[in-house]
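Before any questions on how it binds or moves, here is one chain, the form predicted on its own, in structure tokens.
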Amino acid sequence: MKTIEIGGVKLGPDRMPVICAPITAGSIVEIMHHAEKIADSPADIVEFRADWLDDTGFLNSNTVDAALRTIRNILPGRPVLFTLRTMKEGGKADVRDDEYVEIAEAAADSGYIDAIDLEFSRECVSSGLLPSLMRSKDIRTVLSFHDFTRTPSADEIIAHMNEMASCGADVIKTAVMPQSDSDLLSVLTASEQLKRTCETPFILISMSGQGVLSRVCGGQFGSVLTFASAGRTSAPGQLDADTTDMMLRALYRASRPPQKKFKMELTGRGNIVLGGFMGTGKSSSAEKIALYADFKPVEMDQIIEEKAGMTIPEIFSELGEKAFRDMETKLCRELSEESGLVISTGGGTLLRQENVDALKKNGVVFLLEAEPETVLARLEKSSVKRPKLEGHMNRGYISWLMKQRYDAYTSAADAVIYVDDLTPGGTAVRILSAAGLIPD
């Protein structure tokens, strides 16, 4: 299976499934309220269900444009999936094929969407006409099929999804209704086979409470995305986004490979660089490393504040985030010329490749990783102001931001230290042991 991106969010194999939260609202005011709830959730993608506008008589190109603009303004960092779900497939829209094409084209031309859900049962979709049109506009396509009456056999599901894939879809999706536990097994069996044989990323869901397991463990069988609510649900069996995120994280934490032993020969000449999200204990662990070994602790944020004569929040407020990031980069270059340092980086330092390159010139990067609950509990006890979390000091937003940074963090890391159950002293011992500076 290949990996694709929707608005910068990666979907593909060997990754935790992406969470998509639907907006199901019939007016702009309701849409605003729903989007604000999603802003504090761990959802990676937001789905705008335009058919809810049809249910209230407001479905037209002007209202769709206004709704999408509203969503973009409230959720600027999250890709938007546009969906016009028709009554035949469990939605609220009652439109002809020409109207369906017209609305899809208007959404694509709005400049506010990253992907569009197209119902494969429509002739304008299965013929390839509408998918082709969307591709010409640089819009990712999700070809979908929903059966609210039954669950086809695993072989039928596979055959139908392969047919959808042959239309050149970026993602294929099927959601079915279970009548028994064996129906859930049919969905998981089909998923496992598609994981091995299908190149196109897929979403395969068993609906209702009986099929809820597929929404949580589907990723283990190959499904790349799951739907979860941050308010009103859009289909039977959806869990809320925070619960889904916690369950997915628990599953993927339990299945990750054992931490590898990582030996290096610093002997005081190179630098130890501590990276990771805010609240993972970089500063306190650096102090302990300095106490246990012959290293000088360096706190990057503190040095930047001293040089600028301003606090980090003041720099963000008065000079802007870019100015702060440029200060970070300059400091990374300066520190790379020194040795025997244990450097505590800021939460965003490793997001710039030039910073990583500079720090690795004479150092080894340890990524300190923690769960969102751990980070939140630590930050709530801290008096330090966090500009990136202003107005969003909650588990859901922290989880979303952590996922935004995950690829950059892991790419930069020479070794990962999981710190949820560690004190700063315990973290320091793990790092020094991994560095070969103290016995195991």
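Just so you know, these numbers come straight off a predicted model, no measurement behind them. Note that residue numbering begins at 1 and tracks the sequence as displayed.
The same protein has a further form, the form predicted in complex with a small molecule, not shown here; the description that follows concerns it.
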field: Partner proximity in the predicted bound form: Pro387 to the small molecule, non-hydrogen atom cutoff 4.5 Å
entry: yes
field: Ile312, heavy atom within 4.5 angstroms of the small molecule in the predicted bound form
entry: yes
field: Close approach of Arg232 to the small molecule in the predicted bound form, 4.5 Å, heavy atom
entry: no
query: Wondering, does Arg325 line up within 4.5 Å of the small molecule in the predicted bound form on heavy atoms?
result: yes
message: Taking a heavy atom within 4.5 Å as contact, would all three of Val64, Glu102 and Tyr112 count as contacting the small molecule in the predicted bound form?
response: no
query: Can you pick the one in Arg378, Arg395, His33, Arg405 that has a heavy atom within 4.5 Å of the small molecule in the predicted bound form?
result: Arg405
statement: Answer key: of Met278, Met161, Leu130, Ala358, within 4.5 Å of the small molecule in the predicted bound form (heavy atoms) is Met278
message: The chain here is shown without the small molecule. Which stretch in 163-171, 233-241, 204-212, 345-353 comes within 4.5 angstroms of it in the predicted bound form, by heavy atom distance?
response: 345-353
